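What follows is a single chain, given as structure tokens, in the form predicted alone.
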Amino acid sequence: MSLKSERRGIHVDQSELLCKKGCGYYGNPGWQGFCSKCWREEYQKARQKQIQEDWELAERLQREEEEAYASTQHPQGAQSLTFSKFEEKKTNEKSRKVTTVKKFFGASSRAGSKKVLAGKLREVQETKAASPISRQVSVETDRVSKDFIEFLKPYHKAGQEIYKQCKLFLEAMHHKRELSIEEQSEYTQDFYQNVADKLHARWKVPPEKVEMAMDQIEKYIMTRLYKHVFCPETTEDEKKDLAVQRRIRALHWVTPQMLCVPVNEEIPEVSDVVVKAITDIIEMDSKRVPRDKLACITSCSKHIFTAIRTTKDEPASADDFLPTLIYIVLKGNPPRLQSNIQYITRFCNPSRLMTGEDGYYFTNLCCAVAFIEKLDAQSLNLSQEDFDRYMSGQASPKKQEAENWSADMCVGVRQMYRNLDLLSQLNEQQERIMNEAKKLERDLIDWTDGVAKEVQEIVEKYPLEIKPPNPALAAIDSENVENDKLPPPLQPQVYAG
């Protein structure tokens, strides 16, 4: 492992946590860096612009269709006779469309809109008894409902109106399940805003009681809606959860030193606080109300500050907090992390995410997750070669040396470090053997190619010529058919003595 001598650490300017529109509230990556209020304003502008563009396109297509219809249905001689009727039809059609659009976008204060709204409310009230929301309630939702009713009793008439509005909202959400999760989120945020405005303006409730009432309203409605709006199948939340979990598992080798985390886990008090912080961030998934999930994040963050303060023996800074939060997330690998973040972003009371410690800690958690998703060798002050080897599992950073172990360290932890060190050594030996085997294989291939090349050069330099065999010589005593001039062979003669 080669760490650079100059360690930069992880630093995020506090101004980067605020809304990029400059309103002073905390921003959120889920809202493209805006706060809840500015995001809704930008969203409404974009939506109105899209509606206007769609309406202009529909008008243009309608005009083209009417012109084409008029030119094909009537001959040129009879066109002047029917032109006035066509103009009348066109005017009526246009006025009908404009009236329809005005009714669709008109204020609810008009008489017609009031009648429609009253009819819808009566329909909701009539079907309320048969709604699955009111029938299928768990023990927890039943308990939350009783607590909510008890909480509203001191509010008298305002409490009755709040309860009625909440019931109507739940019934309306039941009929909006086919809509996208973004539309359901927008409808919920509108409900929060309307109720808060009524508490302030109409019922003159003090600000501190308004905050308490909004927390109870959120708890009541989100306990009932949780199973329908948390990680819905129509989104990619589950896919993102799996991607983040795989990413964190692949980064299991990251050490506190790489992140410049100012926490010493060898101190027993610090180790206990770190375990509590990890427990809090994991426990977030078991909560159903966004405010309770935020409370887990806040508790985890406070434990982190305690660990830093105990280690450094001085107050913790914001620059120390974010690296430590990243380390806690990597060490805990919380389940369904992205789903929980999206759920809080979509359905939490927006005032909690815009200001206060809950909003600050939640924004830092979003930054920590974004950092983990984009973490690279430069972020950890590693060489690209070492980073790739660690990510692929070919090697791991050196663990704590035995002579540096504290006397009160658990025997199981010591054995774990020994096993990890042994596995690291075996991994390095295997890697060295594999490299030598590959080198031997390359040498054999080079030697074979060299021998073949030398043989080819010798064959080309000294080519082999094969001559035909010479004809056999004829025997002297045999008959010479080709040359008759030779004398006949000698005959033995006998002499008498």
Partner chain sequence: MAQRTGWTEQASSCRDASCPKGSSHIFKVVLLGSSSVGKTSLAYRYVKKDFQDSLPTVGCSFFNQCVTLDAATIKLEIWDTAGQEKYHSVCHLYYRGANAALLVYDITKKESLEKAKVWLSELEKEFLQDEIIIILVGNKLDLSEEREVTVQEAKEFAKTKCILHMETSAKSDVQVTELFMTLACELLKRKEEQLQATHWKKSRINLQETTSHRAKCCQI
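Residue numbers count along the first chain shown, from 1. In this text, all values refer to a predicted model and were calculated from it rather than measured experimentally.
We do not show the form predicted in complex with its partner chain, though everything after this point is about it.
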Which one of these stretches, 159-167, 223-231, 382-390, 314-322, sits within 4.5 Å of its partner chain in the model of the complex when only heavy atoms are counted? 314-322
Quick one: is residue 236 in contact with its partner chain in the model of the complex, heavy atoms, 4.5 Å cut-off? no
For residue 334, is any heavy atom within 4.5 Å of its partner chain in the model of the complex, or not? no
Close approach of residue 298 to its partner chain in the model of the complex, 4.5 Å, heavy atom: no
So, in the model of the complex, is residue 354 in contact with its partner chain at a 4.5 angstroms heavy atom limit? yes
Name the single residue among 178, 197, 150, 142 that comes within 4.5 Å of its partner chain in the model of the complex, judging by heavy atoms. 197
Exactly one residue in 202, 246, 374, 146 has a non-hydrogen atom within 4.5 Å of its partner chain in the model of the complex; which is it? 374
Let me know which residues along 180-195 have a heavy atom within 4.5 Å of its partner chain in the model of the complex, or say none if there are none. 186, 189, 190, 193, 194
